[in-house]
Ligand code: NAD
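A lone chain, given as structure tokens: the form predicted alone.
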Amino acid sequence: MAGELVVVAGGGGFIGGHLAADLMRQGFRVRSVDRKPMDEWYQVHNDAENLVADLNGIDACRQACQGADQVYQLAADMGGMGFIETHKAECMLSVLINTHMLMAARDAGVQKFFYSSSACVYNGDKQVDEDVVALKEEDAYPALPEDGYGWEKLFSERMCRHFREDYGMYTRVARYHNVYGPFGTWEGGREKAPAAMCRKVIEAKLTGDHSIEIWGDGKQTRSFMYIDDCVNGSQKIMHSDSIEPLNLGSNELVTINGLVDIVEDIAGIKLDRKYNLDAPKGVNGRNSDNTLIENEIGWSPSIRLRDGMEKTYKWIYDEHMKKYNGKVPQREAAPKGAHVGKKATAAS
């Protein structure tokens, strides 16, 4: 209900910033919490209570949950495939955040607790072909998730289940499938494929070097969900009767080559593609089966990939111009096993 205090853990991150904005538009009081210094937050909302705190620690989690009615637990050490394949220990340490947030929310009497899981929990044996069968919620077991990040997410899902069963907590879980859009990471090693492709195409145009490096052979298949659909679906799941984890993603399947086609079309350019077969590329195929979420809560994605990518491209182009004034910094390709990006921070 409007007027309730809602905590957005990871509120300085991409999804958290958008979620906080939407909650405030509805009249909720919002407490955004993130470990990063506030000048590194993706969005800072002056009407929110903005708290810089390291949610790995139980005391910070208690501070975050004090007086809260609802908690959206989005905080995690994560990034695109180039990050999670090379920072497995750091990704798994997010289990401290999720465990301590559950404990703090329980002790504070929080009415509703939402946890953002990931499609990386799904059994890898079901994702070996590009012509993938869309993943149903039941496909998380028998367990063979993405090493590191996926295991941590699956474990934290079980924590939510057992806190619900043992302590009577109200917990809801969404499995996010590749969220993208404006106000997200677009360089530095943590960016995901849609943002990376936009940046690479922009830089190819600016430099006149009409070539693009693609990680893998480009035949990998994915679905990508625009941020507005993610924010809407997360809140629908939070307030639903569905106690089991639900897929939250687009079912519009595209190859990585197809994603490049879309960005080239938006930019009005054609590029020579160079495939880095040694770079991190993730599973060969992954798509979201939305049958259960459509039946349970009536949610389905509303924004086509082409339309969402056009908005994302424009935002990244503007950000690039503001930061580099039309110049292109020297960038290095990331071979398999190389550490990419800055020190991890707790933000979604």
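Just so it is clear, the structure is predicted and the values come from calculations on it, not from any experiment. One-based numbering along the sequence shown.
One more form of this protein exists, namely the form predicted together with ligand NAD; it is left out here, but the text below deals with it.
Contact with ligand NAD, judged by heavy atoms within 4.5 Å in the predicted bound form, is confined among 50 to 58, 312 to 320, 22 to 30, 295 to 303 to 50 to 58.
The three residues A68, C160 and R172 each lack any heavy atom within 4.5 Å of ligand NAD in the predicted bound form. In the predicted bound form, none of the heavy atoms of Y226 sits within 4.5 Å of a heavy atom of ligand NAD. Ligand NAD in the predicted bound form comes within 4.5 Å of no heavy atom belonging to W151. Contact annotation for L246: none of its heavy atoms lies within 4.5 Å of ligand NAD in the predicted bound form. For the chain shown alone, K36 is a contact residue for ligand NAD in the predicted bound form, at least one non-hydrogen atom being within 4.5 angstroms. Among the residues S242, N178, N251, Q235, the one placing a heavy atom within 4.5 Å of ligand NAD in the predicted bound form is N178. This chain is displayed alone, yet in the predicted bound form one of K112, H100, R106, K192 has a heavy atom within 4.5 Å of ligand NAD; that residue is K192. In the predicted bound form, S116, S117, S118 are the residues of 116 to 136 with at least one heavy atom within 4.5 Å of ligand NAD, listed from first to last.
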